[in-house]
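Quick setup: one chain, the form predicted on its own, written in structure tokens, and binding and motion questions come after.
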């Protein structure tokens, strides 16, 4: 496959999609194509796989041209990519072993049997080897489908919404398992999803698409927690995004005003992003805060430690979300907090309760407007 700096370079101009994507092909790295429905994620994935006959794509895998957008087009079978779809696409009239062996050509019967066994063991599905596919649960079928995708030892794995057809508990269980399988196999992978939790659980690198265009790419945590483009804020589910004005920049700390509050943001070094030196007094900014980075205190309490913003407000709503509780606080503008149930009980939070929202300065991310 080449050295670790190899890339898959993709240019797609088709229908509403006009996107250029460069995907790292480091072994065991997972890239997520992320964005709302209709943003072009699946169109790009199908172009990489060579599944669409229309022209308009240029695909180069580690220097090997798969599609030149005109006449040259390497057939799907010769690209050696593994495919995993949300509907599994297994043959219901075949056994698990027969499904996994389906793409293994040019091997002896013994070699095929060994590869089937290895692939099912890798996906923790070896106990299903003699079962018929139509007797499998959704989670079992997805493990078998992944085993079939990795069995031919592809150069690249493509996964299109791999967990969307499963119920929430099964999705939760399989996220970590799929991540482990992908990294253990040492095969670069591209995952299409519009689910933030899934993207964070599976990926190392993120490419965000909006209306057929790539608007941001980079390490997945940086893209989701410290986006550079204001258009990405809503797409990645940033709960709080408030317009603000810069009033001071000193020693890596930016102070902004939001309504009647002064909020400080301390610079966190990232591979790419806004450094404090890019902000000057008078700049208009967007203050971005993740709900999980907000804690709540009773009025008058004062947490100690690193530099923190204390923002007095009033509870608007209290909504349980699994083991956590989402609290909407009015600080003059809406602010979301995601806290533990014990914390919510200790604070006796009710609509109308006065509270102080506490946010570390390093958890306040600024984007220029």
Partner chain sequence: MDGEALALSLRLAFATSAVLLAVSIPLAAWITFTRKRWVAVVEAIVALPIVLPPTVLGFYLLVAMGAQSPLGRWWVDVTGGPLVFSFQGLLIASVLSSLPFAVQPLVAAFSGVDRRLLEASAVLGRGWIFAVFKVVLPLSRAGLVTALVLSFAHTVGEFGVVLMVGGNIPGSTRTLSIDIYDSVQSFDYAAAGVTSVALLGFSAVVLTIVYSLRRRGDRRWVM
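Numbering follows the first chain given and starts at 1. Here the structure is a predicted model, which means the values were calculated and not measured.
The form predicted together with its partner chain exists for this protein as well; it is not shown, and the discussion that follows is about that form.
- Checking 252, 237, 169, 92 against its partner chain in the predicted complex, a heavy atom within 4.5 Å turns up for just one residue: 92.
- Listed residues 139, 152, 212, 219 were compared with its partner chain in the predicted complex; 152 is the one with a heavy atom within 4.5 Å.
- Among heavy atoms of residue 183, none comes within 4.5 Å of its partner chain in the predicted complex.
- Contact between residue 51 and its partner chain in the predicted complex is found at the 4.5 Å heavy atom cutoff.
- Heavy atoms of residue 206 never reach within 4.5 Å of its partner chain in the predicted complex, leaving it off the interface.
- At the 4.5 Å threshold, heavy atoms of residue 279 stay clear of its partner chain in the predicted complex, well away from it.
- Stretch-level contact check against its partner chain in the predicted complex with heavy atoms at 4.5 Å: of 183-191, 96-104, 253-261, 196-204, the positive one is 96-104.
- Contact annotation for 120-144: residues with any non-hydrogen atom within 4.5 angstroms of its partner chain in the predicted complex are 133, 134, listed in sequence order.
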